[in-house]
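Shown below, as structure tokens, is a lone chain in the form predicted on its own; questions about how it binds or moves come after it.
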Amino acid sequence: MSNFESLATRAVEATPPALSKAVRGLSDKTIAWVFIAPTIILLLAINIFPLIWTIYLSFTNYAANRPNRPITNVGLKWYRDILGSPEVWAAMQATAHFVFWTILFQTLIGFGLAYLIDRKFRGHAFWTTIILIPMMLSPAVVGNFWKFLYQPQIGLFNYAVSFFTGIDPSSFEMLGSVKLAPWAIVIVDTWMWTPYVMLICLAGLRSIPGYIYEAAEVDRASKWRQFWSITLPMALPFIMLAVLFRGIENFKMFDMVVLLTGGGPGSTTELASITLKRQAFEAYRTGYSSAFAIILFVAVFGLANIYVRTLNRVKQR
């Protein structure tokens, strides 16, 4: 008898007869609920309760640094203040700029790399591994690494730009310029997460059956026609899925931008998540920041819901 069978036998013998009889009387559905109930309770405790508590705080004057102050209901005051705040709209504009351009570049470059790797040229496995290295790194490492590269005096980025354009490497500063800083964080995020988009697009390309291309070749369809009529339409759901994932993640972007620019210069790269953090943990406007968090949640949830419906329609075509 194996150790497992011996342990099971001892467990059965140690089970009280009343409990054993009760368990034998349970249906399969009830037993399934017994096993998944702890997970559901944990998820409710981690996700649902904080959301409900945040909604409650968004209607109060509660401040984390003054816990003994009487809590009063302020109604929709924080929501009106946020929607009418120029600073908040500036942060949302910076976030929209960051999300749009990072998704655009990552989708184009990621799909292009996936299309090349799908050709299975010699050494494609090695180059695939090399391309995946950025997404394996921590955002903290990436932020510090690129902050060093962006240094105008010793950073390699300025010298690379100078090599191709002839511009003096010390004549511009990516992180200190109001015009260049938004593009600096776009470049870093694109460098880091394009491999992620590439993997999803590659999975889509590998899922296309080979016989479809064989039939197209029999019909004498050109490579260009095969790409537009077969490759792109059948890989489109995967591309849209990658856009959804990266859009949600970039809307919440915080750590990498804080390490690179801290939201500066001024508030040029202050994304919505950075504004939320400053209101919550620097100004200690807990009620205000809770309302801001709910607004961001509703915006992301609403846009994602519309996008998922569009994605489902594309998949059903």
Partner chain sequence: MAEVSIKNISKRFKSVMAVSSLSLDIADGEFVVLLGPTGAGKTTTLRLVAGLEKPDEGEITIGGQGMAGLAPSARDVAFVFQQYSLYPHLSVFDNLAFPLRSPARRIPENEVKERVNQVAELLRIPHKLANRSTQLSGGEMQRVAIGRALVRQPSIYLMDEPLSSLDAKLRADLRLELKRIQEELGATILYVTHDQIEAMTMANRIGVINEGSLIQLGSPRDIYENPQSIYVAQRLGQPQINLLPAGLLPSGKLPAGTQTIGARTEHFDIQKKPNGEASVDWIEHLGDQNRLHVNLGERRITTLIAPDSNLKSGDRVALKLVRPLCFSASGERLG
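Numbering follows the first chain given and starts at 1. Keep in mind that what you see is a predicted model, and the values were worked out from it rather than measured.
This next part talks about the form predicted in complex with the partner chain, which is not shown.
**Student:** At 4.5 Å between heavy atoms, is A216 in contact with the partner chain in the predicted complex?
**Tutor:** Yes - in the predicted complex, heavy atoms of A216 and the partner chain come within 4.5 Å of each other.
**Student:** Please check if Y211 has a heavy atom lying within 4.5 Å of any heavy atom of the partner chain in the predicted complex.
**Tutor:** Within the cut-off, so yes.
**Student:** Taking any heavy atom pair closer than or equal to 4.5 Å as contact, tell me whether I239 reaches the partner chain in the predicted complex.
**Tutor:** Output for I239 is no: heavy atoms all beyond 4.5 Å of the partner chain.
**Student:** Can you tell me whether A160 touches the partner chain? I mean in the predicted complex, with a 4.5 angstroms heavy atom cut-off.
**Tutor:** No, A160 sits far enough from the partner chain in the predicted complex that none of its heavy atoms falls within 4.5 Å.
**Student:** Of the listed stretches (168 to 176, 224 to 232, 100 to 108, 77 to 85), which one has a non-hydrogen atom within 4.5 Å of the partner chain in the predicted complex?
**Tutor:** Only one stretch qualifies here: 224 to 232.
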